[in-house]
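We begin with a single chain expressed as structure tokens, specifically the form predicted alone.
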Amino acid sequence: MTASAGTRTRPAVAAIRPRARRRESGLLIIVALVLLLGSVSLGATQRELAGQKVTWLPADAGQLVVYLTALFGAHLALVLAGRRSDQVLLPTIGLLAGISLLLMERLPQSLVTQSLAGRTFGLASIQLGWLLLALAVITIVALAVRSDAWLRRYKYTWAAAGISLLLLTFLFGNEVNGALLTIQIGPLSGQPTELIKVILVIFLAGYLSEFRPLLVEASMRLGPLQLPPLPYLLPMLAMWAMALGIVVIQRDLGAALLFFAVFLALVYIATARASYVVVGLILFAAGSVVAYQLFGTVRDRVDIWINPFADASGKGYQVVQSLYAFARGGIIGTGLGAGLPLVGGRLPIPAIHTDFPFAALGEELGLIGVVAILGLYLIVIERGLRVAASAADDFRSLLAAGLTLVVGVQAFIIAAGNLKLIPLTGVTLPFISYGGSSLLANGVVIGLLLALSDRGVEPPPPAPAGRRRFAFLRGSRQEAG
């Protein structure tokens, strides 16, 4: 029997053969040595400060062994599955998450406590549990996603699910620092906006890849600017405006800024139209002015950003203490466990484990450590854009680029907020801040990037005749090859 013309035949499923990932295993060994050295340094400092005999043992050998076992377990799963995916992403994320574990071990364990089965767990133990779950998510997504049809085909369903999650947060969410951020289910709570960012990228990648030729076409003029046909622009703008509007009403400014930046960047990548960027920035400036006038939370954060020392013991307290922490750290830092002097018997920054981990690391690791951490995020961005450049079609390119931007933009927002370069927002530092919803959502992001980078995944459906790759990634793809 012969297949009819135009019928797409599915490739035969090859037998699973283990494939060595030597580059990844070598990098993971380096990661393990760096974390072991950091844990030994932290343990020595803690014992010295406690008046105990200084021994060159890890601060918490049990937790470090459990974490490294899970990290190498994820690597082994990729090896046994014979995946030909990126071999730099997992070690990079593993080092960032390991730094998070060391930071949580260094901070007072009473910052977060959770009782389970008659036992009480402190900050580091809870964070370790979330890190293990995040590694499991990365591994499962990287191995399970062999076709992206279920992502591209149901883009409007994903968009509706995202808007519904935001509405649920608005109706039933708990207020944290003036913003409706979390939903509580029994003993667990989470931030739905962490998942929304992934859903938004999936929708935008599907919509932009499908209607890119029409969005590139300029048929409507708005003053000096040329815009695409309105019927094709409205659905995308409506979905984005609804998400952004609800987030603004919830006063979750960090998520609003993240959504806006990712949206604008993806539109530019898909169309290479500078007019979209100009219109977006104008709308952003106008919206910022309106939000400053209408919302006290926005006004407070902008005023604190301009001059936190005007109310250094009140609203500007955390930002001022963050700047002091960076100043105390200097070039080489005070050393793990030797920073963060107590103020009135308490930590100088109450939200240090969620909103200000970058300041804590800046004090104890210094400028060198800060640059190294930012370098790790740059590696994630470079590898993600490499995946986008070598993707087989527009949807996969946009999806990989959008997922990469989610991590990169979020890291920039919180780092810049800690350094007072922009107003402080409520987003987390990916893979370093405490929080289960953030770790799991970012785990999905990295898992998808690993799946998209696999050269053995099912090929995409054939593109419509005449469709061309966007120029932004076409040149990068040639360089990657």
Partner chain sequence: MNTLDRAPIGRGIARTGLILSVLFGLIAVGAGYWQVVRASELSRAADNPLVIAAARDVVRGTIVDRSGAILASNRYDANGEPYRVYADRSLAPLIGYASPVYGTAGLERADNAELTGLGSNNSLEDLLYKLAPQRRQGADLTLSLSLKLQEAAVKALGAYRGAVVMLDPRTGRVLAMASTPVFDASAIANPITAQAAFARTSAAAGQPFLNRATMGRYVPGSVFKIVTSIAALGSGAINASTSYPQQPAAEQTGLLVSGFRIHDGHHDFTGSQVLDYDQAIEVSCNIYFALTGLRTGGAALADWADRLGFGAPIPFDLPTATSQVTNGGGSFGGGFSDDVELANAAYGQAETLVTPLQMALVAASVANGGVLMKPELVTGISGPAGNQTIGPAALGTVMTPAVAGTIGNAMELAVESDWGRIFTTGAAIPGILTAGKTGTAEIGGSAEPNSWFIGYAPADNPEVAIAVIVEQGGHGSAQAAPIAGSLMSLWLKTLNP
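Please read all numbers here as calculations on a predicted model, not as lab measurements. Numbering follows the first chain given and starts at 1.
If you look for the form predicted in complex with its partner chain, you will not find it shown, but the lines that follow are about it.
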Partner-facing stretch of 72-80, 110-118, 138-146, 360-368, counted where any non-hydrogen atom is within 4.5 angstroms of its partner chain in the model of the complex: 360-368
Residue contact check: Val198 to its partner chain in the model of the complex, 4.5 Å heavy atom: no
4.5 angstroms heavy atom contact with its partner chain in the model of the complex for Ala416: yes
Residue contact check: Leu421 to its partner chain in the model of the complex, 4.5 Å heavy atom: yes
Pro91 within 4.5 Å of its partner chain in the model of the complex, heavy atoms: no
Leu151, Ala291, Leu323, Ile163 - the one with a heavy atom within 4.5 Å of its partner chain in the model of the complex: Leu323
Interface residue in the model of the complex among Gly98, Gly408, Gly337, Gly254, criterion: non-hydrogen atom within 4.5 angstroms of its partner chain: Gly408
Full three-residue contact with its partner chain in the model of the complex, heavy atom 4.5 Å, for Pro213, Val343 and Ala392: yes
In the model of the complex, residues of 303-319 near its partner chain [heavy atom within 4.5 Å]: Phe309, Ala312
